[in-house]
Structures are given as structure tokens and as C-alpha cells.
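The data below hold one chain only, encoded as C-alpha cells and taken in the form predicted alone.
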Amino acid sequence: MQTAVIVLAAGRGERLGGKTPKAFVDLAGKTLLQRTLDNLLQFSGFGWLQPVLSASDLSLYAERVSSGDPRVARPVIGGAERQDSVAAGLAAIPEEFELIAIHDAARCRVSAGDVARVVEVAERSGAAVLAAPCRDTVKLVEDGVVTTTPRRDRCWLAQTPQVFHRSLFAEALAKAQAEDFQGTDDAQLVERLGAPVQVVEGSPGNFKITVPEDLALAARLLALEEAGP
């Protein structure tokens, strides 16, 4: 199957602080979005990379993101909610791409190896997500009171990319839109169809940059990697 990836970069990143939209925050001389695109381009299976931005960020993209790779398409404008941005990205991808990956630009440390594994499983099964097994005990809480403690061995922390057969995800997205349902991630939409979503264990380093501490950790890891053994 020909594979495309939607790169979601329309978020504002209020928890990260500052006035710069999160995708364009600097990490050791490159924006988070640039680093994300660079890493995704290391996976040769992607034939189309579709950035999705806020309309107000088009000038930032032109100034701070560069790619000579023809697989990177012109950005499209996202919507008010994540699902609106996903829908805009999906609509911009040519129909010949039958396998669709969805990735957050804030996960700028994703590895080509993890991408290859989740794409392979999704092509075979229809839907697959990267995820990390939960190391801590999880409590479900309501009004500040614990309601239950799920078994830790059944708890996984979802990552991206999340990858789907296009027809399956299009059906799931249409159902969510018709029912005015907003999922917390893309796989949840497919789950609502009753379709199985396979879990592929991802790397702990594929964390989402959300708060300043995440950005500082990413900078430290990058410095260690560049220093070598």
C-alpha cells in the first residue's frame, strides 16, 4: 500500500509558555516541526507528508521550515479541533494513498524504526498505534476521588504515528463527525466502529513535548546523542 502521513502542527501549545506556536519553538537550532519532518522523512515508505497548520502560521512555516524533499506537500489549514485538522489533512492527500498515518509535530523524536514497525502492522491488520506500557499505577478519578485502579499490565500510553487503512479511518471519521463526537486520539474513532486496533510498542523517547520540562529533556537527549559514545 502507498502510505502518507498527516503531520498535525496547528496547536498553540499554551502549556509550553511563550508566544511562539509550539510547532515553531526552537530546539537546538531547528523548530520542532522541522525535526519531526526530518525524522519522518527517514522512513522511505512515506510517499506523501502533509503538514497541517493554523492559517496564522503560514509565514512562520515559510521562514523556519525547509525541505527539498518533494514528498513534503504544501501545508493545508487546520480547524478548531484536532479532528477538523485531521479531516483537512486527509482531504488533501491523493486517493492513491491507501494507508494513512497521523502524527503530532510535538513528537519530534520519533524514530524511523518505530514508524516502519507500526506501518507494517497497520497494513496487515487495518489499524495500529505506537504506545508505551505504563510504568506507574493508574488511578481513575472522579471529583477528586479514586473510582478504580485498572491493572497496570493492561495500561498503555498512546503515541503517534497512528496508522489506518484509509477507508476504515474515513468511515470512523465520518461517524464521529455525524455524531459530533470528539476523540482524544485518532484510534478512538476507529475503536468506536468496533474495529480492532493493534498496539505496537514504541520507544520511551517518542514523548510529546507539552511543558517546558519536556523541551529541556529533549535538548539534553539531543546533546548526548550528538556527543556520541
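The numbering used is simple: start at 1 and walk along the sequence shown. As the structure is a computational prediction, the values presented were derived from the model and not from experiment.
From this point on, the text means the form predicted in complex with a small molecule, which you will not see here.
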Please state whether all three residues G11, G79 and A106 have a non-hydrogen atom within 4.5 angstroms of the small molecule in the model of the complex. yes
Would you check, heavy atoms only and a 4.5 Å threshold, whether R15 touches the small molecule in the model of the complex? yes
Only one of 67-75, 120-128, 98-106, 137-145 has residues with a heavy atom within 4.5 Å of the small molecule in the model of the complex, and that stretch is 98-106
